[in-house]
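Okay, here we've got a single chain as structure tokens, the form predicted on its own, with questions on binding and movement later.
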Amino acid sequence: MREFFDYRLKFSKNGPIRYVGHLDVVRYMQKANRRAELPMSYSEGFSPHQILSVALPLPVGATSDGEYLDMRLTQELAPDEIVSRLNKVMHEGIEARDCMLLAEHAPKAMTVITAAGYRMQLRNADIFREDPGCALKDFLSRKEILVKKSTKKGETTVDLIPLIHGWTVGEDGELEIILHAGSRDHVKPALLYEAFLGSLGLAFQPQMLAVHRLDLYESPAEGKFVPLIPKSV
């Protein structure tokens, strides 16, 4: 008999709550779990806390339809019931979208992520001397895009091209792209656009970029990306 049950929850983050940081989102989800009366599993020790983890922090100011939370329950519940309970107690802006029961000893979401899908657009196209969509297509079509990236060991030079796994650019300059993500070779949207504007001799500020995360992916087979909760679940 299982002593605990691990679930993966998919949720969205939209509206003014996009300005709430990662740690506050974790606290918000802890409160929502209590209000929903979910049978959460707690850590041991002098300061017990709910056993849960968010897959990949979202940049402050970004919106998302593909956030994931792994959490441990002491009783088995139907995934649909978990979604329903949470949506009854959560405020506008965060919504539970899907849920699945994980196999015993399944790896955490944060350890299996390989890519993240985004929809992005610069808020002010007046800074361009030419069509922003054409300029972005030309930039992404380069054989290499070298950037400086900070690591624990210092600064290093990285080529972004191998870390971009497909993209499309609309006529208005809206970009849909899949970027490498996770514990290794993680690419932040701001890093890509800083390099893009820098190639045009323009300065980049984070508030210039509207970012919406579409989903997070793992790749069980080489070259194939699957959402952390498969669509068939």
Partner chain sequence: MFASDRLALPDEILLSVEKPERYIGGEVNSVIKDKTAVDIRFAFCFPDVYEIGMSHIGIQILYGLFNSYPDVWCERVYSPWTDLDQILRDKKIPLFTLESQEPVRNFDFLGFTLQYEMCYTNVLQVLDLSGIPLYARDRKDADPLVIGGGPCTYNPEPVADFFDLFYIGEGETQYRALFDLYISCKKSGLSRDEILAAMARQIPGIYVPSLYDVTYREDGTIEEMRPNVPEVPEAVTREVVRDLSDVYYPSAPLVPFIKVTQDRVALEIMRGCIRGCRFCQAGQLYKPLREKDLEACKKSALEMLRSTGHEEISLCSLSSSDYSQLPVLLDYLIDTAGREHVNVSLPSLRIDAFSLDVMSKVQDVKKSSLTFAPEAGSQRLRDIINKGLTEEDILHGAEQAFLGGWHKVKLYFMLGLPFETAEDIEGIGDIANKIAAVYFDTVPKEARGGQSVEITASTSFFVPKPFTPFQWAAMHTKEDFLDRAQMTKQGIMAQLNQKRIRYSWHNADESVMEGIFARGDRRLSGVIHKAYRDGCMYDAWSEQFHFDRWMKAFEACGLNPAFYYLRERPEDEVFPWDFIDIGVTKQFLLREWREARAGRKSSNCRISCLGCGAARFGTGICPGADKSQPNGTERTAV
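Predicted, not measured: the structure shown is a model, and the values here were computed from it. Positions refer to the first chain, counted from 1.
Keep in mind the form predicted together with the partner chain is missing from the figure; the text below concerns it.
Contact check for Ala203: every heavy atom lies farther than 4.5 Å from the partner chain in the model of the complex. Contact check for His212: a heavy atom falls within 4.5 Å of the partner chain in the model of the complex. Although the partner is absent here, Glu81 is not a contact residue: none of its heavy atoms lies within 4.5 angstroms of the partner chain in the model of the complex.
Taking the partner from the other structure, the partner chain in the model of the complex has no heavy atom within 4.5 Å of any heavy atom of Asp131.
Partner proximity in the model of the complex, defined as non-hydrogen atoms within 4.5 angstroms of the partner chain, places exactly one of 36 to 44, 65 to 73, 180 to 188, 162 to 170 at the interface: 36 to 44. In the model of the complex, Gly15, Pro16, Ile17, Arg18, Tyr19, Val20, Gly21, Asp24, Arg27, Tyr28, Gln30, Lys31, Arg34, Arg35 are the residues of 9 to 35 with at least one heavy atom within 4.5 Å of the partner chain, listed from first to last.
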